[in-house]
Ligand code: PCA
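A single chain, nothing else alongside it, follows as structure tokens in the form predicted on its own.
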């Protein structure tokens, strides 16, 4: 059975919840199309530690797909088309680190692009009546920093997940408080299942 590694993050920035981590945990062990097993990993909001945990999981699971998720103050579920190799943290990460105006990985590309057809995934989410759109800006915090490492790894032609790695931002949920936009957790859950189902469609 093929595997899909799904990651989400712990809460950060004073929030008590992070829907990306909650949904990743809920989907652990789910089987798509009868032959793709979701293996989930909840990551700390600190790029170095998160990446080391992910590398260990990749070596252990040898996933055919890798989908990382995080939360952003947006009204839609947004598959990210690229990572920009630059950090400018607006707040410290959960380890107290602040990376300001530095590359994620020095001496490498300025941008990394996913090989995933994001418009197809957006269409699958919208078919459920859930708002979604492609994004080309994953921010300059840990999500983008992590995504740079992920796409750099899977840009290698011989990597098992080459061309099949993606980062997806999800909205905040109302229970987190603060200012909108929000999206109910159940809608985010359904939207991510639709995205993962479309991504792993057996004819692709």
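Positions refer to the first chain, counted from 1. Here the structure is a predicted model, which means the values were calculated and not measured.
There is another form of the same protein, the form predicted together with the ligand; it is not shown, and what comes next is about it.
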| item | value |
| --- | --- |
| The ligand in the model of the complex reached by all of 12, 18 and 141, non-hydrogen atom within 4.5 Å | yes |
| Contact test in the model of the complex: residue 45 vs the ligand, heavy atoms, 4.5 Å | yes |
| Residue 63 within 4.5 Å of the ligand in the model of the complex, heavy atoms | no |
| 4.5 angstroms heavy atom contact with the ligand in the model of the complex for residue 169 | yes |
| Residue 71 within 4.5 Å of the ligand in the model of the complex, heavy atoms | yes |
| Candidate stretches 50-58, 158-166, 142-150, 31-39, one within 4.5 Å of the ligand in the model of the complex by heavy atom | 142-150 |
